[in-house]
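Form predicted on its own, single chain, as structure tokens, below.
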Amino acid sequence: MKKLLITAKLADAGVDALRKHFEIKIKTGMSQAELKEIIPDFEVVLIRSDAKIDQEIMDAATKLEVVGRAGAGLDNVDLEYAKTKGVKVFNTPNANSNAVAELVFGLMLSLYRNIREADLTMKKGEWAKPQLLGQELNGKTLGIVGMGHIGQIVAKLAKAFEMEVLGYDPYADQTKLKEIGVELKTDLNEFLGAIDLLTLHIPKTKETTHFLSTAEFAAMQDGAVLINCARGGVVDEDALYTALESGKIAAAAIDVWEQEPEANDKLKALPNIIASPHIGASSRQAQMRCVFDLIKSIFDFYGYE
């Protein structure tokens, strides 16, 4: 029986399903040094964003056949090196999509309707109704960078709120986007200057690192709002701090950070930011889909029923 290492919390039902074919060890919260020490014993490793499967780890993992990433992002796996080592990598690109899209709207509503401030002031015994005048989503122009599965769900939800939706994605299927009412822009500065609110749904790659920085914030409308539930590092946090402090960007909601689990203390302390600890995929339904999509890929790979 092959040995399988799980480095992060997975749904119990999924772990039970895996036990039919694998000898399982669960060890969470490991450092890279600890992972390197124990990984030589395993043919399969299942991770979230907690562990990095880089060249050093793969060189140590002499039996490794499969890396399973419970989630969409693969920036913590060296895919090119995995190919050279003959290691198959699976992820679950669509399992979290609905959960992330719904969080975007939860953050959006909280930013525009001052929900966080309303709760805090009430709990302090204050009746701050005059200071909590908000804005409606209806009629606002939402910009979506990255029109993949999550971006399309966000667009459909936005249309239900009667928002205008602009998309920016050089690889998108323009015909499909027209069907859901998204106008695709090809000029980034024109796109940024036309929107009230920006949400990002792109992976972190060499090309997208600091996709939003000083020049991009300058191209946005004064008082625009930003939501990032994509990947830490696609937004330059120092540039965002400057834009928020100056009021160029009125408010932001950030779920993903350049350094995790630590987050930018200076940025998250600003009054016009909502900070959350990478909870985009943290719904019970998404976690179950994640695990069982991954199990199907692994079972298919090995020919298991």
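Bear in mind that the values here come from a model prediction, so they are computed numbers and not experimental data. One-based numbering along the sequence shown.
The form predicted together with a small molecule exists for this protein as well; it is not shown, and the discussion that follows is about that form.
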For the small molecule in the predicted bound form, the stretch among 28 to 36, 52 to 60, 234 to 242, 275 to 283 with residues bearing a heavy atom within 4.5 Å is 275 to 283
With the partner omitted here, the residue among 73, 148, 193, 106 that in the predicted bound form has a heavy atom within 4.5 Å of the small molecule is 73
Review point. Quick one: does residue 96 come within 4.5 Å of the small molecule in the predicted bound form, counting heavy atoms only?
Key: yes
